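Form predicted on its own, single chain, as structure tokens, below.
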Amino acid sequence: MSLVITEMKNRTGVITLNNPPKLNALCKELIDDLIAGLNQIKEQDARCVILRAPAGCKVFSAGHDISELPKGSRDPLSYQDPLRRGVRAIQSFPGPVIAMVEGSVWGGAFELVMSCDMIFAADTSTFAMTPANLGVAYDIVGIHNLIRDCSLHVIKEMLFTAKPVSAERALQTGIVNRTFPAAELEAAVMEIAELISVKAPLSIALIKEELRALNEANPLTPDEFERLQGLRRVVYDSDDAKEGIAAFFEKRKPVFAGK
């Protein structure tokens, strides 16, 4: 059974995360289904895509499936990690991908949402970035995806504290485009998607790719990249990383020693 529901509404594709028992955690199977859904919608000549969770949900997505993170001394967020593949699929889709957020968004799911072209949220939604709760060595590309579209100071606060940000503050700081009461969210987002769907698709595809290329035009020297990767290896080899994951599964507060 697919962990996403894919459907077409006129020229708009709708992908609904559909694994409520796991709080739509971004496991490999769900990401594979998400990518398959995007490919299916592309073949149906969709002009726009809406990424959502079921109406009325309390959790949009709990983020990474922690059970799939490697237990040994291996990069937890490599190039072929499910989240990395999902983000690239959204960014490379030729039409706009709109995140329609209801409920809370946690960890890697926040990056997945931020990789979308626009974000519209229910006014009760919250957003949290939580690698510091787990001792996870978040990757360079993922951090870059966060800071492209939001104030650096706000992203630092979210990463350093792991405290959820309200929809109101997300709107004030540019994380989301607009907020709506939950009962009005779907109709409002469908209206925006339908407006986009009657515009020139080749022009929009070009503009999306130009914006992506310009946003990523931040050169990083090979030496600096290797230095940062070395720092990441210190983190994912650390006792703190083991403690964070263990505490998560044992449902207790972690005790980090900085070692």
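Sequential numbering from 1, following the sequence displayed. Model, not experiment: these values are computed from the prediction.
Another form, the form predicted in complex with a small molecule, is not on view; read the next lines as being about it.
- Using a 4.5 angstroms threshold between heavy atoms, D65 counts as touching the small molecule in the predicted complex.
- Under a 4.5 angstroms non-hydrogen atom cutoff, the small molecule in the predicted complex has A25 among its neighbouring residues.
- In the predicted complex, F93 stays away from the small molecule, with no heavy atom inside 4.5 Å.
- Among residues of the shown chain, T130 is one whose heavy atoms approach the small molecule to within 4.5 Å in the predicted complex.
- Between the small molecule and the residues R227, R233, R212, K58, the one pair within 4.5 Å by heavy atoms in the predicted complex involves K58.
- For the candidate set I98, L185, A167, V136, a heavy atom within 4.5 Å of the small molecule in the predicted complex is found for exactly one residue, namely V136.
- Just one listed stretch, out of 122 to 130, 173 to 181, 84 to 92, 150 to 158, contacts the small molecule in the predicted complex at the 4.5 Å heavy atom level, and that stretch is 122 to 130.
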